[in-house]
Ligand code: AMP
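Next up is one chain by itself, shown in structure tokens, the form predicted alone.
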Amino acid sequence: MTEELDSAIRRLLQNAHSVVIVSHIRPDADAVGSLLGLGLPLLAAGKQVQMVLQDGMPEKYSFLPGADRVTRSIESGYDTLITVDCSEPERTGQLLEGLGAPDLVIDHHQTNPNFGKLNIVVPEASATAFVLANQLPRWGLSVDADTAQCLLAGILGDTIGFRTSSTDAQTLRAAADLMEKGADLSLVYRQVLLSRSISELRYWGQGLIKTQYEDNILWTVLTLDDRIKAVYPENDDADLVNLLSSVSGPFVVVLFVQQAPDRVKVSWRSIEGIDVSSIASTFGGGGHAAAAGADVTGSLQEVIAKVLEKTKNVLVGR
């Protein structure tokens, strides 16, 4: 983060009147926390703000301040467009189609190509919410208790409760600072990481019973039919991938989540030293070295075969 870039972003936000902030499809805690964590301070600064998620606000994050303000589409004109926690424009769904480059991109994915007019991409950061927690005061925006709550949710979600290798002393200091500003750690931890619905548990069960392990790869599948059986309302994996990645032994975990008859969301998790973002990139996706994803076109069986072959090739000789 250079001083010149810092000043340019501050000017952009100060001069903005009507701001649209968007994040990615199948939003996780960092997407939601970053969206609200930037949107609420801008509202407090007197800006008109639209916070937009194509898939809407997941029920599990509805406890966060400002969650009821999130819409599924851009509803009116704006002068400033911002994306948060998006590694590429396509990750927003159709929200950015025909809109040109965003005015500002705020992210922490190492595969981000800097697709905005201004870009603050910090690959070593534990979460996009962590980037915002550090930068908001420098941009002239205040962090009150509501904003702190949202940013802490983003940090906790992406570090899986401070358990990822990206969690460093700065992350813990940022979390402590957010708590001093009014964030409730116990509430956020419970809602983001521990609280589960009956439908989520049933959905997990559908995937767990099909788990396979071979060639140092642990993998399983969630189908459209599994979602119906579990009465699960979202189109994500209900964080099953994080449960699978807690298993000792595998070098790589792969989860296939069918989105449509001809489209599959693939998530990879890996041990230290194996860069799964390089695998995801070959399928048009991206992410981090230890956690990456891609939306792959093809039937479920076709995608499984292609992805497992590519993943096994990466592990040859290990």
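Sequential numbering from 1, following the sequence displayed. Bear in mind the structure is a predicted one, so any value in this text is a computation, not a measurement.
Another form, the form predicted together with the named molecule, is not on view; read the next lines as being about it.
Novice: Have a look at 36 to 44, 65 to 73, 52 to 60, 281 to 289 and name the one stretch with heavy atoms inside 4.5 Å of the named molecule in the model of the complex.
Specialist: Selected range: 281 to 289.
Novice: Quick one: of A16, I9, A294, V303, which gets a non-hydrogen atom within 4.5 angstroms of the named molecule in the model of the complex?
Specialist: Residue within 4.5 Å of the partner: A294.
Novice: So, S267 and the named molecule: in the model of the complex, are they within 4.5 Å at any heavy atom pair?
Specialist: Result yes; S267 sits at the interface with the named molecule in the model of the complex.
Novice: Is H109 close enough to touch the named molecule in the model of the complex, meaning at least one heavy atom pair within 4.5 Å?
Specialist: Although the named molecule is absent here, H109 would touch it in the model of the complex, with heavy atoms inside 4.5 Å.
Novice: Within a 4.5 Å heavy atom cut-off, is S87 in contact with the named molecule in the model of the complex?
Specialist: Taking the distances in the model of the complex, the answer for S87 is yes, it comes within 4.5 Å of the named molecule.
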